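This document opens with one chain alone, in structure tokens, the form predicted on its own.
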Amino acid sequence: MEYKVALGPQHPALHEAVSLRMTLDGEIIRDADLKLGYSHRGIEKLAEERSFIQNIYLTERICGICSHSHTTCFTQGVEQLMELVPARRGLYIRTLIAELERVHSHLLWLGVAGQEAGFESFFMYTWRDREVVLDILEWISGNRVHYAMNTFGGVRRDIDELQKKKILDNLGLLRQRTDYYLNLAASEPTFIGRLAGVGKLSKEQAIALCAVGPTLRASGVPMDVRKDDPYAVYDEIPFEVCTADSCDVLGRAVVRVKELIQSYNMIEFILQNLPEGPFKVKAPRKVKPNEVYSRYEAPRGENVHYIKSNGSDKPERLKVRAPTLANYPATIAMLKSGFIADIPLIFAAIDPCICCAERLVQLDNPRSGESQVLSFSQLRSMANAHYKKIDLTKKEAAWPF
């Protein structure tokens, strides 16, 4: 007998609001669906009311884990509209921050995977090592989460020889520990037993459902924007695209550990070949009328920013498609035929960032056939009225103490 179960929007295994609707046959998931829209922040609409330089700081707050991913994707798109060639040294530093962010994001994910699999000590190990990377980012930028390094024409801060030495000294420690994690992922029987065969996604399904990032590469598809459509200085840096053919959560863990090793190699190459010269060049205030499609390989997968300019100092349109949104259809396929106990592990395997992927749906009036584009202030007023109504309803239903 089939029955439906709703998980969320609040759930102990998921720290952001999303609703999973499951159709179960006993313990087996026969069908699944996702309901979004619980934490929409209106980033794209806000961007239209701010200048291009202000939007660097706005896009940085799309995500707390891969903030540099969004600013780089936005910045390099605007630089194309400006027909601006960034400083070469600035591009190297921009790429350095990108790979350090990838390292801290993958270490965070490995810890979450360990926690969901009941391997608490693995969680402690990886998050301890993540602190080393966050310290490095703080040495470079002054911040551990939002680095505020990008600007049009390069980066906002240079790095000196002492910083280079401190980064290289810590890379050796991170390499040693990552080798241990790779051996652990390949030989620890309880860890393998919990992850192997869970969340199956075949190569054909991954391609058909347009999966991105480690989710796609763990199904044996060697696609990576850094290699397929190089940006910054990735066309000058030697690295390999990491894949796995197990097509399950274990494969997604193996891909991320392999990518850590590749990131260490890239960081070392960047620091050893950092060119001399300025780290930024002067950029114009206004942007020429045009449109651009900017791509970036974030830790979770391909990140896309569509930017349209009308010739003013503000964008006419900013459209963001974060990798989590691209991986949702594949997540539904991974959940089907799985067990209900595997839901947190399967969903966590795509490394979801719910706020990054939230969208607002505009419903047309079926009677008049008209639709209305609401301003941010109108949306805010509607939200305040909605929650005020909920509060009044709760007060009326409360016990009269």
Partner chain sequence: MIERLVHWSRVKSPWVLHLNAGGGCNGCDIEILAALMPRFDLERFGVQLKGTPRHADVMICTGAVTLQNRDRVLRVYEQVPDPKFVVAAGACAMAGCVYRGSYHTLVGIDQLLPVNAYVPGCPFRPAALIDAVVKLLNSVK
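For clarity, every value in this text was computed on a predicted model and none was experimentally measured. Numbering follows the first chain given and starts at 1.
From this point on, the text means the form predicted in complex with its partner chain, which you will not see here.
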Item to check | 4.5 Å heavy atom contact with its partner chain in the predicted complex for all of 152, 168 and 231 | outcome: no
Next on the checklist: Quick check on this chain: which one of 332, 43, 348, 340 has a heavy atom within 4.5 Å of its partner chain in the predicted complex?
Outcome noted: 43
Next on the checklist: My question is simply whether residue 145 lines the interface with its partner chain in the predicted complex - judged by any non-hydrogen atom within 4.5 Å.
Outcome noted: yes
Checklist entry - Is residue 29 one of the residues lying within 4.5 Å of its partner chain in the predicted complex, judged by heavy atom distances? => result no
Checklist entry - Should residue 336 be classed as touching its partner chain in the predicted complex when contacts are defined as heavy atoms within 4.5 Å? => result no
Next on the checklist: Taking any heavy atom pair closer than or equal to 4.5 Å as contact, tell me whether residue 138 reaches its partner chain in the predicted complex.
Outcome noted: yes
Item to check | Candidate stretches 188-196, 127-135, 78-86, 259-267 - the one whose heavy atoms come within 4.5 Å of its partner chain in the predicted complex | outcome: 127-135
